[in-house]
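The data below hold one chain only, encoded as C-alpha cells and taken in the form predicted alone.
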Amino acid sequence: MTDGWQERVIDEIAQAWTVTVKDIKVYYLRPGMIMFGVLMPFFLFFSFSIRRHIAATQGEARLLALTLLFTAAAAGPFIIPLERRLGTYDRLMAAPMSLLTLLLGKMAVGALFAIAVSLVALLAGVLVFGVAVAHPWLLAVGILLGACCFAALGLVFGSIPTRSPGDVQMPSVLLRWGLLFISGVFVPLRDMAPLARAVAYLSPLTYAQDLMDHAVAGTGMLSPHLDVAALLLFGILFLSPSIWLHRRSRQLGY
C-alpha cells in the first residue's frame, strides 16, 4: 500500500517536471515572456527609484520583490491561453495525469523563471553595487516562496476561459500594478497612514518585500515568520481558484 502511494507521488512529480521542461524550452524566449516577465520589473524599478537616493541594499530588496511579482506571474497568463489556441493543452489533458499535477507543472515554469531572473538581479547588485546580503538562507527561502506564490497568481488568470493571451494579459498586469501601489515597495510600511497600512497587508507583495528587507538589509517591519506564513497562505489561496477556473473552462469547451 505504502509502496504504491510512493510510486504514484514519484510518477506525478515526474509528469509535472516533464510539463515544466517542455514549457521552458518552448516559451522562455517568447517576446511576451521577455516583455512582461523580464523587462517590466526593471523598467518599473528604475522609473520609481531614480533621484530618490535610496541605499543599495534597499534598492536591491525592492528590485527582487518586483522581479518575483512580475516575472513569476507572467507565465500562466501567456502560456495557458496560447496552448489552448494551438491545441496542445487538449493533448496534455488527455495524458494520464491529474489536473493538480498539470497546474503544478505550469506553476513551476513561472517560479523557475522568476528565480533565474532574480538571481541575475542579485548577482548584479552584489558585483556592481557591492550589496552585502545580511541573511542568505532567508533570502533563498524568500525568493523560492515569493516565486511560487506569484506563479500561482499567474495560474488564476491563465485558467480564465479564453484562447487569446491578450484577453488575460491586460487584467493580469492591472492587478499586479494594483498590488504594487498598495504594497510597501515604494512607500515603507512604517511611513504609511494606518488605513493605507491596513490595505497594504492585503497584498502578498507587502510580505515578499518585507522578507526581502530582512534578508538583504537585515531590517524589516514585520516578523520574518509572518512573511513566510503569509506567502504560503496566499500561494494556496491562488492555487485553489485556478483549479476551479480550469474545470469551468473545460466545461465551457476551452
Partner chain sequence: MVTSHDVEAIEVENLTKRYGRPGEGVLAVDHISFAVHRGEVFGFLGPNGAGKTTTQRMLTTLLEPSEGRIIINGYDLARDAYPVKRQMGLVPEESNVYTELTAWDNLMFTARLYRVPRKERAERARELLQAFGLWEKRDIKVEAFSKGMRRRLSIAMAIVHRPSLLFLDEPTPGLDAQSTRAIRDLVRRLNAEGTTIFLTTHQIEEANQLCDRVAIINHGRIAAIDTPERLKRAFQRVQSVEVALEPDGQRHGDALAALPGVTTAVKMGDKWRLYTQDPSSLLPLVVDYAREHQARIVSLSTLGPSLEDVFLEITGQSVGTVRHETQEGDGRRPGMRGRRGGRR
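Owing to the predicted nature of the structure, the values given are computational and were not obtained by experimental measurement. Residue numbers count along the first chain shown, from 1.
We do not show the form predicted together with the partner chain, though everything after this point is about it.
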property	result
Contact flag, Leu92 vs the partner chain in the predicted complex, heavy atom cut 4.5 Å	yes
Contact label in the predicted complex: Leu86 to the partner chain, heavy atom within 4.5 Å	yes
4.5 angstroms heavy atom contact with the partner chain in the predicted complex for Ile115	no
Contact label in the predicted complex: Met97 to the partner chain, heavy atom within 4.5 Å	yes
Candidate site Ile10, Val26 and Arg250: all three near the partner chain in the predicted complex by heavy atom within 4.5 Å	yes
Candidate stretches 152-160, 176-184, 139-147, 78-86 - the one whose heavy atoms come within 4.5 Å of the partner chain in the predicted complex	78-86
Sequence-ordered list of residues in 133-153 near the partner chain in the predicted complex, where near means a heavy atom within 4.5 Å	none
